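Given as structure tokens, the chain that follows is alone and in the form predicted on its own.
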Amino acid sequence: MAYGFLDIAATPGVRAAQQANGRGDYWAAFKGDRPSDRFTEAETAFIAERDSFYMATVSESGWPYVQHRGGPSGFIRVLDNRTLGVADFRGNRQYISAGNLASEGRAALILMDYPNRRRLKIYAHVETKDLAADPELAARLTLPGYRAKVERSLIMHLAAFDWNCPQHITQRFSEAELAPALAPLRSRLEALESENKALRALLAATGD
């Protein structure tokens, strides 16, 4: 039975751990194939809304390294149903991820939606490209108005994805996400402040 993401993740060590923890029959719960090597409309819409992701790479010494990548919502572009493109912004200039990808081009990504407690995991083969040498790609990945220096692009070729359950995901909200809910309160506060100002002016005018 094929199940994309878990077929990659389930090494002998993982299977042994499942067996040791009473989940040796893990695969028995899946009915038929569960393809995960093509993004559907659901994944495409989810990715388009994200403003960050976590990327894990592995060094030549075998150590894993996890890095947070961020930008405005939509900076992760779905180039086609098997490819993501990201403008790689200048950060602290340690270039650990860049070095790891140069020697081992595989990466694992986690994309979070904290308000709705959703999580998408992705295995991908990553290649770096010079955007100056590819104007068409640069046009697709450029973010007008975003003040960040782009050093390269990351082109991520999907190997498999998997949706995680919402268990243990704590809801968190950004200022932009809270704004619609807080708008009525802010309007009410502004109205009350205006009313208080008018009352103070009236008291001052009457001398009371």
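All residue numbers refer to positions in the sequence shown, first residue = 1. What you are looking at is a predicted structure, and each value in this text was computed from that prediction instead of being measured.
Not on display, but discussed next: the form predicted in complex with a small molecule.
*Asks:* Can Phe173 be called a contact residue for the small molecule in the model of the complex at 4.5 Å between heavy atoms?
*Replies:* No.
*Asks:* Report yes if any heavy atom of Tyr95 sits within 4.5 Å of a heavy atom of the small molecule in the model of the complex; otherwise report no.
*Replies:* Because a heavy atom of Tyr95 falls inside 4.5 Å of the small molecule in the model of the complex, the answer is yes.
*Asks:* Taking heavy atoms only, is Ser153 within 4.5 angstroms of the small molecule in the model of the complex?
*Replies:* Outside the cut-off, so no.
*Asks:* My question is simply whether His68 lines the interface with the small molecule in the model of the complex - judged by any non-hydrogen atom within 4.5 Å.
*Replies:* The answer is yes: His68 has a heavy atom within 4.5 Å of the small molecule.
*Asks:* Only one of these stretches, 68-76, 133-141, 118-126, 105-113, has heavy atoms within 4.5 Å of the small molecule in the model of the complex; which one is it?
*Replies:* Within 4.5 Å of the partner lies stretch 68-76.
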